[in-house]
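Okay, here we've got a single chain as structure tokens, the form predicted alone, with questions on binding and movement later.
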Amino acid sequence: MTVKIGIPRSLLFYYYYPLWKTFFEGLGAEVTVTGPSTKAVLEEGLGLCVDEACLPVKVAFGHVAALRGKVDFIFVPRLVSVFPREYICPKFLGFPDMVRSCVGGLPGLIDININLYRREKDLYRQLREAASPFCRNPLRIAAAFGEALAEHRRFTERLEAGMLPDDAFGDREVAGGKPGGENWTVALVGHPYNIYDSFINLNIIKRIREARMNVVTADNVPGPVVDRYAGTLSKRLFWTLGRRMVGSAYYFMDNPAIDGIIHVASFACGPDSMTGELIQRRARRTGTPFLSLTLDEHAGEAGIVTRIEAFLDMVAMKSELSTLS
């Protein structure tokens, strides 16, 4: 009988889904993913999660609950570190424990530790533990791990070629240059669960494209470029996602092809309160059009949409004036 593994479409799903999916399928498991976030998913999460958690964590609770009764195991890794000498948000570390204590009626949880703080080679040992509930064949586990790493490299290459995760997950051809018709390019900076979840961010990517503007994100910037720009700070950032955001934003401000930057943050996110300020200060010094959006479950759609539309109008007007001068 085929084992069914459930993966919530939340948190770092937008970075590691191809790796996780390929690994579990390589072991013969069937992978089930929750659908896109909706109001119903959020309301379910709000009823289960503590009030102090940020919006993405509350949405993640709703996605976990949506898998009840549909799978044999739910994959909710305890994310400590995904890059040497750096950390992930502490809420990710405690997420499996929060789920176990707050969500009833769940199947088995695969809540392995992902901790690459000392060395990246530890990932094999940690994923081998994830396979243990249903597969103990070392050769099959090693082969699945190799396939998963290869798929993750392919996914990363597609992102750095200009694709966004939802496109890079599939087999769509990588398109070179800007899509036809776009006159301006806006960089979207933020954690992946904020900028790629269209429910959380009120469909911001679609709104930018409807304004006939191209969208790029931090994930389209190669890692060495992010490292170089983040290295201009007086002190190394030990938050992996914060370092990526700051490094890519500084690069975008130095790139004449970028016409404006939108920073999307969650209310009550401690690291964002610091990295957002660093980005905003640099934008002021460089004169880069900049919009900061802070979202939670109480954010009014009309006000947020009005700010986005006004910013996009400003970007277009500033770019046209620059062309005339």
Partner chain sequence: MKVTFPHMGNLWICLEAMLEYLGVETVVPPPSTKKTLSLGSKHAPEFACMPLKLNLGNFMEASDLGADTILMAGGCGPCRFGYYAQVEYEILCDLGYRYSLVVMEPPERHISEFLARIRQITGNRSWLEVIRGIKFGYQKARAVDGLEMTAMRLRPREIDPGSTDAALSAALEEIAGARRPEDLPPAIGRAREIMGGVPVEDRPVIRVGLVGEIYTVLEPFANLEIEKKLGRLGVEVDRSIYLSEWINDHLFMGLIRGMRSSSLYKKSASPYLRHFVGGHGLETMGGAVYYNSLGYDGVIQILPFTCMPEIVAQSILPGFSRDTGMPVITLISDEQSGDAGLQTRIEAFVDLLAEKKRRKEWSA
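Numbering follows the first chain given and starts at 1. All of these numbers come straight from a predicted model, not from anything done at the bench.
The discussion below concerns the form predicted in complex with the partner chain, not included here.
For the chain shown alone, Ala66 is not a contact residue for the partner chain in the model of the complex, no non-hydrogen atom being within 4.5 angstroms. Contact check for Ala299: every heavy atom lies farther than 4.5 Å from the partner chain in the model of the complex.
At a distance threshold of 4.5 angstroms between non-hydrogen atoms, Asp111 is in contact with the partner chain in the model of the complex. For Arg209, no non-hydrogen atom is located within 4.5 Å of the partner chain in the model of the complex, even though that partner is not displayed. No member of the trio Glu147, Arg153 and Thr156 reaches the partner chain in the model of the complex with any non-hydrogen atom inside 4.5 Å. The stretch in contact with the partner chain in the model of the complex, judged by heavy atoms within 4.5 Å, is 51-59, chosen from 51-59, 66-74, 23-31, 256-264.
Only one of Ile205, Cys102, Val225, Met163 comes within 4.5 Å of the partner chain in the model of the complex through a heavy atom, and that residue is Cys102. This chain is drawn without the partner chain; in the model of the complex, the residue among Leu106, Leu93, Leu123, Cys135 with a heavy atom within 4.5 Å of it is Leu93. Heavy atoms closer than or equal to 4.5 Å to the partner chain in the model of the complex belong, across 237-261, to the residues Leu237, Phe238, Trp239, ordered by sequence position.
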